[in-house]
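Let us start with two forms of the same protein chain, each given on its own as structure tokens and named structure 1 and structure 2.
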Structure 1
């Protein structure tokens, strides 16, 4: 055994009976142990898909059951440690699970990757019911003995039969459990965590009555967990818990997490009850402000739809505050869209909702870190904030300082590639130059002739615009847009059940476009009209009513311009005649710099270039 690190003798016995000594000194020690075996434990349910590793540790005299914290999984999976490894356990705690003491390893430093078993470790004798067997005080020291040292005789001091926890081993102050170690099998625990992502108070009404709730994410260095308060607990804790502050939390109920309502990476969640204790902690040592796992904006295409991710970028554009009407509740919900860019050369649209959208006023192009944003694929990759997401403006982190310097020095003048220039089939379409089809190919391939709509991209020039029916009178209510009917001196919207003094006109454009291969008729709505005419439909209708000559000039100026189109092809029946209609999902003015780069790239990789 020469050359092997020395193990800390007697530490397994001390840990197994740690309620009988000063836990602060014990749990601040950094024992050297051998890791005899590893066993993967599959997820236990609750929507969590993270494996755990059970480890048998030895001090050369005894062995003890333990678990690796999930943040250490990579050591096993990357083969940094294996059977027989010797390591310094830099941070750990103990739990009682099904009457047995379980060591939770939170941090370790590998000394030897693999080695033969040191000594002849044996199992620790279980404690008899109604008492505890405690070894005599053992001075921690090295051991490379090949013979097991017998444990000293038990002390005949009976203790009440109870499940001791780390929280009551030290009478001077409650020892703190890591969030990683919480489970429904424990009753007495205290965590020290920072409050993050505190939601608004939400209410509900159903057949069983009505109620209210709010949720908050609690985070420490080992992980995070979602906590929810209902009804009376909302009154107790909503004002008391302030986002960003650190709290000591105990006596909350631990349940399996409902992943339908949470994206927090923990198989459990907490429920605050009347007897839950929440106390602000001024000692914020070892409690991180927030943990990010940033993804570059250019890499969002590789993130699955509906997954959550963290990004950091500079807000290049801030959209106007608008509203939508929820189909489920008919409530009007404020929204605002931000265009965020980073050093990867890409931009992404981030949607804020509710109070976050209303209160956002940043106009100085701040750096913002978004945590837990939901990935969407409508018109390309986009991000949407959820109740469990958080937004941190100008955070004091290295990534933010680097982005600020880059943007101020060069990024502000840079052209960015939007994710709306990537092609996706199915329910939505965006533009991709590599997927462009000529108009003749679209027709000969019979796009739109199947039962389901089909999608294609094209680059074409406007040749003719029907100017006799270019708009329709629409409801001016934000988010409605339905056609209104003139009744006397007012305009009536049947959907909103309201009358208005005047409508808001919206474009309904039909135009012929052509490329080198042929021609096709495309139809589009308000966004299309605003792009090709450069003004609102109300403005163009006003010009038509005042001056036909000027109106015709506006139409003529739009003809001859080339755009990138993302279109949908679908069969339509009219007067017993079936035809295919091509609707414009998105129209994008040409960016000649990007077009030139694309053509140059084709030339560079062509046979001619070789």
Structure 2
């Protein structure tokens, strides 16, 4: 145990009584603490889906309950810290939640990943910080008249000194809380946050009545929260709140967020009310601007349909303003398509809607960053802006400058690859481990029994190939591939209205594949035959005509090989019987290095491997 860092003795007691403290010194002190235990707190019902970690911290004398800010979750999940870790708490705040004093760790630096417990820390007097005892016995619980209970010693005193100093430069010097600390349990707070993704004003009519609303995402160093204004509050705040500006916000209502309707990372959301105060703040230091998590346009094929993503690229083309009529509402909606390219050599179409489509000005091929665009599968991959998406023209970030340089020097002359759909127009284009089903499950779950095709992936071995009718004579015209019929000494394609001296044979393969759970018949077209036989259908037809034994050998060689499949299941009626057929969208030979890596990863992360 030699060389363990010294803990900051006494800090837990000071934090527990921080209302009596010179907070500036205390909150700048960057104490070293031991993290005794981690407990995952599951998402609350109706809240978001983000787990949080409750951590018991110790200074060697006392322990104190704390929460990790969610942006630190990865430290636990990636095993960078575990039971007994020693860390410098670089940034934190304190809050009163359900009558308990809670340390909120916003940033930390790991000194020791794991260690034995240092000293024998005890509970702080009367305060059940240990978490094991009953809070109600000592401090008033949340159920005892929440409003009548005076707000516990002002958390104002417990704010990071730096933020407090900034706040003091404002006329009314409110205490500034991190967004991370907001909760329904206490309401005397002010946050200082940047307004992002302000929506248009939207109206609704339903059984309960009608109204209008807009929403905006507020963001500070600690996190983000979605805020919504209804009806009268729309008139009060819509013009006042401007995208990108920083505001002091107080007296808004904190509610549980219904996470399925938003991708904002917070358990709660705000509702602006009549008495809510929103004041622009000119001191914007330490209030972050948008955070992007860019993916390359080429990588969009690996992003699931309906997911949101961030893209940055050069606008190669700007489409005309047009309109569509919504099928659902019959509303006419303005629309504009942008074609965006990046250094991956791919292009993608981004659809703007409504005002954003109307107001888009076609300046000279700007760099644009898109945040939270929705991924669609039209023509392979497409992007669509939503009300929660945002668009940033020529942002002052390194990626944008790099793209500008690249495009002006070379990119402008380049041709770009568009994403393309592989005949399905649906999902299942790529093999995705998350979509792997065993064949028994595919059958019992009745994949493909609905009207729409359903997609699944499988890893399976070829057991048998129907070899009587493995290919057909097809039109040799690029992109046609229709069946041709022999007429005299030529082959005629109805579709192309042309005759050819020779057809081009194309595969149409039916094969039984098997995994540990069961067997299924899959059908595949030309690329599938090419993959499993390692030759074109023309070559194989040629072999069959010359040497039946050699032909059978080629078929035999394809048996017993294992592939990763991306499949489509679809109902099909033939001769008055309806059954589900499975078509192969993609067939990929196993890459054993990759398979081994995948398995090793499972081993490393499973409990029974420890």
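Numbering follows the first chain given and starts at 1. Everything numeric here is computed off the predicted structure, so don't read it as measured data. Superpose the two forms; the largest set of C-alphas matching within 1.5 Å is the rigid core.
- For the form predicted together with the DNA, the corresponding chain is the one labelled structure 2.
- Relative to the superposed rigid core, the position of the CA of residue 566 differs between structure 1 and structure 2 by 2 Å or more.
- With a cut-off of 2 Å and the rigid core superposed, residue 460 has a Cα displacement that reaches or exceeds the cut-off between structure 1 and structure 2.
- Once both forms are fitted on their core, a CA shift of 2 Å or more is seen for residue 210 between structure 1 and structure 2.
- When the core is overlaid, the C-alpha of residue 502 ends up 47.6 Å from its other position between structure 1 and structure 2.
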